[in-house]
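For reference, the chain that follows is the form predicted on its own, supplied as structure tokens.
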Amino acid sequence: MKRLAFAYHPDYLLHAPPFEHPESPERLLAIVERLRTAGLLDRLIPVTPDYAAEEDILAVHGREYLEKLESACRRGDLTLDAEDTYLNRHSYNVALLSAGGAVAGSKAVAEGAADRAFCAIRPPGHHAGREAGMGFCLMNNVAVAAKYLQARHGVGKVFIVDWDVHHGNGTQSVFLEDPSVFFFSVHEHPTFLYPGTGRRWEIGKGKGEGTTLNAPMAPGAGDDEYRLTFEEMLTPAVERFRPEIILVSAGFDAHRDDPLADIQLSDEGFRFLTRRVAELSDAYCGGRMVAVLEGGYEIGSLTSCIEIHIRELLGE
């Protein structure tokens, strides 16, 4: 049985939409209740996040963007640039705390307090680039965690697996020219779904060429197509790169019941994704794996898939 850290903070609920919106505090409330009802919460190692340190945030985001975001929250702006990314007066601090959750989970694994970690955090992060928030995302949590592990724990090579149904354009942009971080994303094809990036020819740039790998999926793709992609693209990429830790941008909106896309993964499909990445982390990273919550907006499928995800991370 693996020791699994669970990073969560009740203040994540303070980032609440001023209008009807799929990314809401109810997502986390439902996740916690599901894990409690299933008897899993008491089996996890609780980790209480703190606000991410300024130097860790600045390793990913520019100071000008952070000041803009903080000012917008203080003014009471309802959105940040794109109308899909809402704000309230708590959002800046909660975004710092969300990045801090990814850091806390990573720290627990890096220091050996846990074998793996699941970070139940929000707002999500993988669309946030160095100078912009978008797609419900304010700060790029998984990118902050990767930079933190490299700067504070001497980790050399980090592999990020992003299986959210939307391409992780922000994460890709942060590490586009960085050969020490491999970014793999499987998502619905950008011709059909936001944010319109993540085509196969996007492979990195400069020294980072070859360390970005995108697997766009046609609408209607499901368990069989994802299984084939993990076997034929992800697995050899991990084998070649030989990472020291695997981070997962764990979105659950590729489920067939989720309303925001047209991918048809089942609960068992998400079991396979989790199990395969865990196997790869066991084979190449000493089992070190940190999953960071991204999307997933249909409460029933979100909570059932996260229960499966947690059980797989525990090694049941």
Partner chain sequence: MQRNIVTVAPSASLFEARDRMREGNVRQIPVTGGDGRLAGILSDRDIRGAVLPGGLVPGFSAEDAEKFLKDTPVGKVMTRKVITATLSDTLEDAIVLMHDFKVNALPVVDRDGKVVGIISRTNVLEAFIDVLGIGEVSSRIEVIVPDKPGTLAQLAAIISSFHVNITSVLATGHVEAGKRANFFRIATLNVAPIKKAIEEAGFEILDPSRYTL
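Residue numbers count along the first chain shown, from 1. Given the structure is predicted, the values throughout are model-derived calculations rather than measurements.
FYI, the form predicted in complex with its partner chain isn't displayed, but the following is about it.
*Asks:* May I ask whether F136, H166 and P195 each come within 4.5 Å of its partner chain in the predicted bound form, counting any non-hydrogen atom?
*Replies:* Spot residues vs its partner chain: full contact, yes.
*Asks:* If contact means any heavy atom within 4.5 Å, which of 110-118, 95-103, 217-225, 239-247 contacts its partner chain in the predicted bound form?
*Replies:* Flagged stretch: 217-225.
*Asks:* Pick from D50, D262, E33, E70: which has a non-hydrogen atom within 4.5 Å of its partner chain in the predicted bound form?
*Replies:* Answer to the contact question: D262.
*Asks:* Looking at D84, E131, D77, E209 here, can you tell me which has any non-hydrogen atom within 4.5 angstroms of its partner chain in the predicted bound form?
*Replies:* The residue from D84, E131, D77, E209 that makes the contact is D84.
*Asks:* Is there a heavy atom of G204 no more than 4.5 Å from a heavy atom of its partner chain in the predicted bound form?
*Replies:* Answer no; every heavy atom of G204 is more than 4.5 Å from its partner chain in the predicted bound form.
*Asks:* Closest heavy atom of G300 to its partner chain in the predicted bound form, within 4.5 Å or not?
*Replies:* No, no contact at 4.5 Å.
*Asks:* Verify the contact flag for K147: yes if a non-hydrogen atom of it lies within 4.5 Å of a non-hydrogen atom of its partner chain in the predicted bound form, no if not.
*Replies:* Contact check for K147: no, nothing within 4.5 Å of its partner chain in the predicted bound form.
*Asks:* Check whether H127 has any heavy atom within 4.5 Å of a heavy atom of its partner chain in the predicted bound form, and answer yes or no.
*Replies:* Yes - in the predicted bound form, heavy atoms of H127 and its partner chain come within 4.5 Å of each other.
*Asks:* Where, within 1-32, is there a heavy atom within 4.5 Å of its partner chain in the predicted bound form? Residue list please.
*Replies:* Contacting residues: H21, P22.
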